[in-house]
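Just the one chain here, laid out as structure tokens, in the form predicted alone.
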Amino acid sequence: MKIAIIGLGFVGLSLTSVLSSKGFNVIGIDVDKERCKKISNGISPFFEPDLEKSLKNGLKKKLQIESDVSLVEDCDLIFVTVGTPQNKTGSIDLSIIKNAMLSLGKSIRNSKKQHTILIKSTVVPGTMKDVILPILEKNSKKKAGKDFGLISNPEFLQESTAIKDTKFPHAVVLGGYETKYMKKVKNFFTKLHPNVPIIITNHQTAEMIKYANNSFLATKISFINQLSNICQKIPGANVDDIAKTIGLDPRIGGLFLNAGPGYGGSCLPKDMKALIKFAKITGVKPILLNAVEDVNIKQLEEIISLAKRKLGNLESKKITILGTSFKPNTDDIRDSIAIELIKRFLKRKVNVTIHDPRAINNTKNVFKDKINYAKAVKDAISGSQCVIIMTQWKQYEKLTNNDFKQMKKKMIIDCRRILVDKQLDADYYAIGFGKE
């Protein structure tokens, strides 16, 4: 069996690396030739734990990295993992996947193989039926279900655990008709992931499952953040103890109940906006989804208000942001709450210094020389009037009083509550903890 993966971003490269390292004959395809060159040399264009190790293992075996989509002609399974970014209206931009489908359709037109195409790109319900299918059939001159298989196969990867999630998924979702192609793909995933539930449904439901999954995770985050704001007004209240306890209830579960500055990243904000937009188009008023997004947007103002109450006018104040990636163990700053915080501080003419173990270069691409960058945490803190911990990097958990000695005014806003047991000699505020 030969497998093609079109689109070598976060999802595509993770899948390419894992399948090839397992010995499958894989060809990874991306139109970006520079990206392909890097990947061919075992270098990932972004940071993800264990990705390069898995990639290098695959390259030692049968993995090819190419930029020519026509090479899918010899492949049995074709995974499509191209991006569906958000446009200005909040809905998803389908231009990349439309172009990919056009090229893919033309590439399989003269092939004698009966390919099975699996769409892993995140798309709103109806996209497969109304957009992807017509483009493929028109350009291939073939009929789906008869000449080639077409299956929705949404992904559920988390950044920082993508390789683990690819190897050990909690479920496999297959959307489409019960054809010989579906049977073939089901057998493939059954062998690849023994004992993992395989959900077979129709295209629209499979497409909706991805949005349901991410919107529920966002809801849990906004819920605990709303409780966190209440706890902060109650002397002695501890949001972490509350989250830990309710998380023990099997009806709730403990994941995604970590109060903080709000959710970010490449998926949750984009998917929430797309689902809200889609719901409105269908005639449904998404009251709960709107509230979840509203809480997330306002969460940042809680941090800014706290800084203003304690520092007064923020203009020209020296404030240090520790962590700009949206979560630890990634260099991804897409929709990072820390990036939005910096933008709001700059509007208030704050003198901002940042530190991040992985995301400094990506942050520089956004702000250029508008802010200061420190390679060491101590350098970032020195001379600062306020330190705000935004990302829960392990090295920030090791900070002590000694690290804050060179601050002008010792004010710390700990959005992750990682220093709450350190008994710091400072004006310390842990988001979600009510001060006695």
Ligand code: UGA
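When you see a residue number, it is the position in the sequence shown, counting from 1. Only a predicted model underlies this, so the values are computations on that prediction, with no experimental measurement involved.
Although it is not shown, the form predicted in complex with the ligand is what the next lines describe.
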{"item": "Which of 266 to 274, 143 to 151, 96 to 104, 308 to 316 lines the interface with the ligand in the predicted bound form (heavy atom within 4.5 Å)", "value": "266 to 274"}
{"item": "The ligand: the contacting residue among 278, 189, 256, 223 in the predicted bound form [heavy atom, 4.5 Å]", "value": "256"}
{"item": "In the predicted bound form, the one of 237, 157, 200, 300 near the ligand [non-hydrogen atom within 4.5 angstroms]", "value": "157"}
{"item": "Heavy atom distance at most 4.5 Å to the ligand in the predicted bound form, all of 28, 79 and 166", "value": "no"}
{"item": "Residue 116 within 4.5 Å of the ligand in the predicted bound form, heavy atoms", "value": "no"}
{"item": "Partner proximity in the predicted bound form: residue 355 to the ligand, non-hydrogen atom cutoff 4.5 Å", "value": "no"}
{"item": "Residue 228 within 4.5 Å of the ligand in the predicted bound form, heavy atoms", "value": "no"}
{"item": "Proximity of residue 363 to the ligand in the predicted bound form, heavy atoms at 4.5 Å", "value": "no"}
{"item": "Residues in 395 to 427 with any heavy atom within 4.5 Å of the ligand in the predicted bound form", "value": "416"}
